[in-house]
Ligand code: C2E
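One chain comes next, on its own, written out as structure tokens in the form predicted alone.
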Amino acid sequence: MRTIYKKLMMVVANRKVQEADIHRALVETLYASPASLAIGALAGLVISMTMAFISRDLLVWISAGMISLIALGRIISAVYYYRQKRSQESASYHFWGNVYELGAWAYAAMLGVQAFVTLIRFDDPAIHMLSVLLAVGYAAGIAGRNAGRVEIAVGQVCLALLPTAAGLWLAGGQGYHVLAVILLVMVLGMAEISRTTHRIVVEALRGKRQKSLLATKYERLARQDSLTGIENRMAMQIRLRDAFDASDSPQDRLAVLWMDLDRFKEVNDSQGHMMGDALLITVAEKISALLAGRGYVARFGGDEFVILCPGVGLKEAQPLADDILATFGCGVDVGPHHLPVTASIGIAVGPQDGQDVDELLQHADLALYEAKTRGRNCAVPFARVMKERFNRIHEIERGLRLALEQEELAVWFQPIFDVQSGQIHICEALLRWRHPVLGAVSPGEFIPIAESMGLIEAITHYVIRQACREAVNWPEDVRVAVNISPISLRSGELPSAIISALLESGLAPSRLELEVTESIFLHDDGQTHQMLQDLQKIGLRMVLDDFGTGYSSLSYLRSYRFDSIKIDRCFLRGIVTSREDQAIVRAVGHMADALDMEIVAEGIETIEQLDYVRLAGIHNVQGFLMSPARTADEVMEMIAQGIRIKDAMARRRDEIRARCA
């Protein structure tokens, strides 16, 4: 019942506000045309003075003077109304309506009295014509002009015409009697005209009011986030633009904090979207309460929130960001559920971090990205190096698509030597790219970008095709190895791409090795295992790369059948002095022999490292001591010349001396 009562009271209150607005608009119609008011007053003044001059009667002079004074007062009140209109409260409209009503009735009454006096005191047809014409003309005009306030219009018509009709009747004569009756009929007709016009005006005002309310409602909905009730992206962008436009000085500060929730997707996936929505509502409420008038918050979509703080610099924005981090640092309680989410925040402060809305928001977003890369649950202010890195990434993204389309990516090969024979046993295919503007770009830089762009699968297929085309020209005892991204394994398109490359090139499957890291097994649902087994069945060799750097490499060796493993270079750096690294390398060598697997030591850069891995029973070695990655033609030449480890080392020393010279 209480809820129903509140709703009824709200309806009544809204109706009262609407009626007050309509009343205000009706009062404004009275003063809407000051020119017509002045013209009517001037006409009454001229005609009244003319009748007084013709009649030379004191009473007519007095009535003419009173009409002039009333007309002057009405004009002055209209001027004063317009001067004070913008500063008046709604209650003052009642006052101005009463002022107009008093003046209108006084003026109409004086016209009626003047007509009555002249009709019964004089026999001059000219004076009669002027007095009747003035009263009738004024009444006819006022019936429409003042229809916004129908009581004023009808009252003026009656005050002007009824005395005139009485004067005509008393003045005698059949024609005058007919005219008096006509004036009485005109009173009724003009009253009806006023009422009809008033109804049309009120309906129009109500319709306009409804449209205005609907427009306001739709505008509010367009600026409001439908889930949380706070502002949305469009509203915040408008607010930001207004803040920039209202800035009086180029030094006026404006802080933007771009925040999103860490691990929000995990909440959505594990708890469901309803819980995710409830979390977003709770976060919006907490941020709004935390700001407490210090700024504005908007939801930009998903779990992203943007906070705007006018007049705030980095010195004040950082503590605010710390307060937000502390609020969500221990997770968020949503009803009976505790959700382990934290926040990451990027901070940008105008004008130094952005001269317009788009630039400031972009830089806050870049700072947020930096906060994510630093481990999340932190706030990071924008720095110009972020912009430079963003521009470089953008340039790499744009160039990478073009390079892949035009096959500008170069596949080089790094030889892997057999320790016993010293000959080249395997060549690992490595991607090289020279950007037309940036120059040589490291695979360690552009491969992660390619993965984020969704290009890594196409790049992997391209490398496999190129590697097979080159390897088919090598001796049959030399294999080629290709690194496979976990994304390519999960896509399901890898087997068909490999088979197509083998058929196209004619390379035997046993000469192709696929190097994978143990990260591919972290989220294995069985598909990866099955795919590796299927590829091994057609003769391909499987190599576990970066062995020893993960959490459970030994369990993978038990669960998956690999043909070879590669010891990560981190175990070779301190092999000469570190007893731990020595023990690990020896253990891996013995384990590989026991499991009937080949083993490759990568990252060999010194003779001491080479000697130790040879003594440890390692089968193959790879590293800059023997050879860096080379072009396909250079590797083909080395294979054709039968280059061994000692020869490769000598060639490498000559290359270094030539470069230093």
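Just count from 1 along the sequence shown to find any residue number. Keep in mind that what you see is a predicted model, and the values were worked out from it rather than measured.
Note that the form predicted together with this ligand isn't included here; everything after this is about it.
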This ligand isn't shown here, but in the predicted complex, which of 602 to 610, 43 to 51, 589 to 597, 56 to 64 has heavy atoms within 4.5 Å of it? 602 to 610
In the predicted complex, residue 397 touching this ligand (heavy atom, 4.5 Å): no
For residue 546, is any heavy atom within 4.5 Å of this ligand in the predicted complex, or not? yes
Does residue 444 reach this ligand in the predicted complex, with heavy atoms at most 4.5 Å apart? yes
Taking the shortest heavy atom distance, is residue 195 within 4.5 Å of this ligand in the predicted complex? no
Though this ligand is not shown, can you say which of 418, 262, 581, 515 has a heavy atom within 4.5 Å of it in the predicted complex? 515
Since exactly one of 353, 470, 231, 428 fits, which has a heavy atom within 4.5 Å of this ligand in the predicted complex? 428
What residues of 463 to 497, in sequence order, lie within 4.5 Å of this ligand in the predicted complex by heavy atom? 463, 483, 484, 485
